[in-house]
Structures are given as structure tokens and as C-alpha cells.
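Shown next as C-alpha cells: one chain only, the form predicted alone.
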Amino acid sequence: MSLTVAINGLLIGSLYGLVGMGLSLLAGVVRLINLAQGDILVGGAYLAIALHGVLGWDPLWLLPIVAVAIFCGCYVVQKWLLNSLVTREPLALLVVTFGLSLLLESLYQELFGANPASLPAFWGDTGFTVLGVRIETLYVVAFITGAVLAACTWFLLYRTHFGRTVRAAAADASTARLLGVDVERVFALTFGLAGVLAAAAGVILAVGQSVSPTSGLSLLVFSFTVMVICGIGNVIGAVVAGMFVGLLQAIAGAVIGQSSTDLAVYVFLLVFLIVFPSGILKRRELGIR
């Protein structure tokens, strides 16, 4: 395996970190494992593809529009559907998000067809060489996007009033309600934030690879792998774990073959859960400091 493959794998893995970060936030704040997280990513990709067909803009210019649209959709789903189930058995939330995943897959297939689609961009197939290492521009864009959004998420959680309400709700929702925190609104905003992280990753990933209505499952496994490595509430750890997953994918593709990349992540996740069920990176709870 060449150094080029390893570096590009690390860079693209920052996007997996974004999706895993959203999954981790939902698990830590709402106590929800969102089985539709990968499908939300695919939705961001498809929305960008549709907007590009109408407006012809570069994907990076479309990203804010996609983020706002996905945020609004996720906010509505959490506020008007999932919030009513939060106090019930955890299995109810799991079943509903699974149903949401199936619904989104069917919707994508009806709107966009079953054939894979991708998002064109002038920076999608260019690159440059540094010290003999060929680096794809796409992967640099992916890394910058992941790093900026991760930094913004960290700042939002730990340096703003909204972040304090999120951490209060995560620590003890009942007590937070008594202190005047609108916990249901916090849950909805958190779900929207997780959707934005997934949608942003989807826009960039759609430039580098094709997406299909059923792509969400493998992307969900990648994000779940990130979450179990970094633990719940570890924003920076999610980026590191995502880069590791990207590197694992790159190694599997170079050594075994491109068709084995997803399988390598599945096997790693299974082994990791057996050996390190609590994760190996420092777990950081979202409680008030």
C-alpha cells in the first residue's frame, strides 16, 4: 500500500467522523440510536444533485442550502414524531427510525430511480503532489469540511448558551425541565444538527463516489463504527475515529481489493465490539462542567 492511498484514506475519513459525530450526539442527548442517519446523508447527496441540475452551482455553494433544508426536515421529524416516543421504551424509537430509514429509501427510489448518481465538480478529479505524494483535491476538501464543522460543533456545545442547554438535557432531562429548559426543543435542535453533519458529508461524498437509495446502510455502519470507537459525546474523538475508518477502508481496498472495503469495516466493527465494548478513546460525557 502506498503512502498516497493512506493519506487520502485519512482525509476522506473525516467525513465519516461527521456522520458518527451526529450519531454520537443523538445517543448522548436524546438517547436515540438513529438508524436513518445514513439515509439522511444520502438525502443530502440527492438534494445537492437535484439542486445542481437546476442551478448548476458548485457543490460547495449548494452545501448551505442543503444544510438548511435537512436541518428543517430533521427538526420537524424530532419535534412532531420522535419527541412523543422519547419517554417510552427505547425499542419504540429504534423501530420508528428503522421505519424512517425504509421510508426514505423508498422515497429516493421513487424520485431518483435505482441507478447510482453522483455530483459533478471541477475539483472532484484534480489533485497535486507534495513530496512525491499524490493528494486528491476532493480529499482535501473533505478534510477541511470535516475539520471546520467539527470545530463549529465543539464551539456550539461548549462555548454557547445553546450548548449549555444541550449538556443540561443530556445530563438530566427531568432536572433541566424544572430549571426552565425546553428539553423537547433541545432534542429537535440536536436532531437537526446531527442531520446537518450527515448532509454535509453526503454532499462531499457524492462528488467522490456514486450514491444509490440503498447506500445508507453501509454509511450507517461506518458512522456506528466511529461512535463505538470514540464513545458518546466525544466531538474531537469522532473525527479521529472517522479518519481511522477511512484509513482502514483504504488499506482494505489496496491490499484485498475495492470490493472488500465495506466488508473490512463490518468485520472490524464486530471484533472491536467484542474486545472493546466501551471504546478505546477517552469518553467525554455531555454533562455540565
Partner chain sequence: MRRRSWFIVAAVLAIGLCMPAVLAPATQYTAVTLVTDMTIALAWNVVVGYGGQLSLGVGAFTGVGAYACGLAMVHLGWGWLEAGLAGLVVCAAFGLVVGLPLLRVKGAYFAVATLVVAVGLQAGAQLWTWAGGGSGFTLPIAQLPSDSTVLRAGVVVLVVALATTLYVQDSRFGLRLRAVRDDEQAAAGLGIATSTYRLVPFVASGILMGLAGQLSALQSVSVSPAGSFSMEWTINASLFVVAGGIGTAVGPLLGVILVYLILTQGLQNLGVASSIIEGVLLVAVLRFAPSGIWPTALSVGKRLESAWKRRAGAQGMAADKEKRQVHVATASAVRER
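This is a predicted model, so every value here is computed, not measured. Numbering follows the first chain given and starts at 1.
Although not depicted, the form predicted in complex with its partner chain is the subject of the following passage.
Residue contact check for residue 96: one or more of its heavy atoms lie within 4.5 Å of its partner chain in the predicted bound form. Within 4.5 Å of some heavy atom of its partner chain in the predicted bound form lies at least one heavy atom of residue 84. Taking the partner from elsewhere, residue 80 is found to have a heavy atom lying within 4.5 Å of its partner chain in the predicted bound form. For the chain shown alone, residue 179 is not a contact residue for its partner chain in the predicted bound form, no non-hydrogen atom being within 4.5 angstroms. Of the stretches 149-157, 193-201, 168-176, 212-220, only 212-220 has residues with a heavy atom within 4.5 Å of its partner chain in the predicted bound form. 100 is the sole member of 100, 207, 183, 141 with a non-hydrogen atom within 4.5 Å of its partner chain in the predicted bound form. A heavy atom within 4.5 Å of its partner chain in the predicted bound form is found for one listed residue only; from 35, 67, 51, 243, this is 35. Residues 217, 220, 221, 224, 227, 228, 232 of 202-238 are found to place at least one heavy atom within 4.5 Å of its partner chain in the predicted bound form.
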